[in-house]
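Alright, here's a single protein chain in two forms, structure 1 and structure 2, each given by itself as structure tokens.
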Structure 1
């Protein structure tokens, strides 16, 4: 492959970019290792207080709790989204149903509705108390004027629960789209062979589609895990009980605790909270690159 000498300027530009991009995190890393006095000084010599800083932020400032919450939530959403998306895409590609195009458009159209803009509408629906009876709910549901023209009188009553940050995110236009594209690229002979063999949808799903979708599943898992891990606005609004808070909002709580900000501890906390998405990303990097490269230009 290497049939000419690498131009020097390419190395200069790339090295410079690597340094500039890494600088903020290197700085955070150095400061996370320093004692409380050194953190405030201009010194950029690594110290020995990293474990001490981490211990304080993890236990006394509840970072451990926030990270556990986020891990649980991100895992639930990632698994839920992957399952629902693969099933929906399977129907859209391999089932004979009516209004297929419209149903796919209905799913895809939600790409225009980021949760962040919907927080006002979503908040009442998720936070208000549930209806007292099924009858009350049905009388609301069967009255289009109340459904479409009036603010909702009741909701799920999910304030401060994990459900409030999991359930709304278990369906995904991106996921359905990626799996549909992938299924369409699978040779149709496989589907025909399955039909000749008389395989049911379940067999076809587990014997053919899932094994052939490793890259797409990996790519989607990375995107979704990072997306959920990074969630900030919605948890900040719907979760008022700090013990249930997610790690991103937790960082803001840690900065805000007490009088002065203990930057060494904050930096230790920030760095630790990068680790889970980094691990997921590194673990699934190959699948991610392949899964996405396959679909990006089709």
Structure 2
């Protein structure tokens, strides 16, 4: 049976949509190849200075260091979020606990509170010094007026460390939601059969749930890796040492270096900075699409 060809106008519209969507990347690519004398001109003719711009921004402006920092932070947050989300979803689905529905509703409620809303309280919690002794902490804890009416006087003392940008983001309401919905689609008979065979929660998790959740794990990994990779505000606030900064803040630092802005180098750095999340998306594209497929065999 011969397939019916799509009308020509469909291909024209799709081609125009691709050009419009890709226009900023194409513009950045062209400007990244131009010299400093040509980059501010309206010319869209590709130049020959791409390798030179990339060499300067990578070596002299330390873009490689910023990318390495972001790779480490994004990987740690993605792994931590995945593990905690699987464990939390397993408890909400397979364990008998009181107020399970209220706990899940509270988890979803955190989605309505972006980082920008919590940034002041989160900054205090992360940056303030910890109590000098257990007695000092207990004296504060046993004083209801101070606990409920005054700002918390203690923190973790993690300013200017990678822990300050990793630990606060290892909990994920999105991940808990995804894994909970996925676990609910798995027949409960598997859990009953595992218990009859003498498998504990750990064996059931690693031998049954995790192998059956590969697509959901891939989908969450893509979402969280890109989310952490694009973070700017929180790392900018909590990290003071430029050598520890993430790539988004690093690109901003590159713009502020020197008397003028070398836009060719900035564009070259911006293009290189999108490579790691693009590689992650391409590597997990199949799992990402299947993870969100609302099918009965998910």
Partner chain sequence: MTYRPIFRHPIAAAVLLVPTLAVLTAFLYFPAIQSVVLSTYRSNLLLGTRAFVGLENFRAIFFGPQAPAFWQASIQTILFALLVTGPGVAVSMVLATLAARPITGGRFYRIMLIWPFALSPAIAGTIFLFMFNPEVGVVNQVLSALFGIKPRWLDDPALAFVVAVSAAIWKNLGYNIVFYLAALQNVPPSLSEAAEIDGAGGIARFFRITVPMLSPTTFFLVFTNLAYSFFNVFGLIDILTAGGPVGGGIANRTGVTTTLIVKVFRDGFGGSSNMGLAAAQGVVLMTIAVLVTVGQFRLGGRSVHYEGA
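Throughout, rigid core stands for the largest set of C-alpha atoms superposing within 1.5 Å between the two forms. Residue numbers count along the first chain shown, from 1. Since the structure is predicted, the reported quantities are computational estimates derived from the model, not experimental observations.
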May I ask which of the two structures is the form predicted on its own? 2
So, superposing on the core, is the move of residue 144 at the CA at least 2 angstroms between structure 1 and structure 2? yes
C-alpha of residue 243 moved at least 2 Å between structure 1 and structure 2 on rigid core: no
Could you check how much the CA of residue 48 shifts between structure 1 and structure 2 after a rigid core fit, in angstrom? 2.7
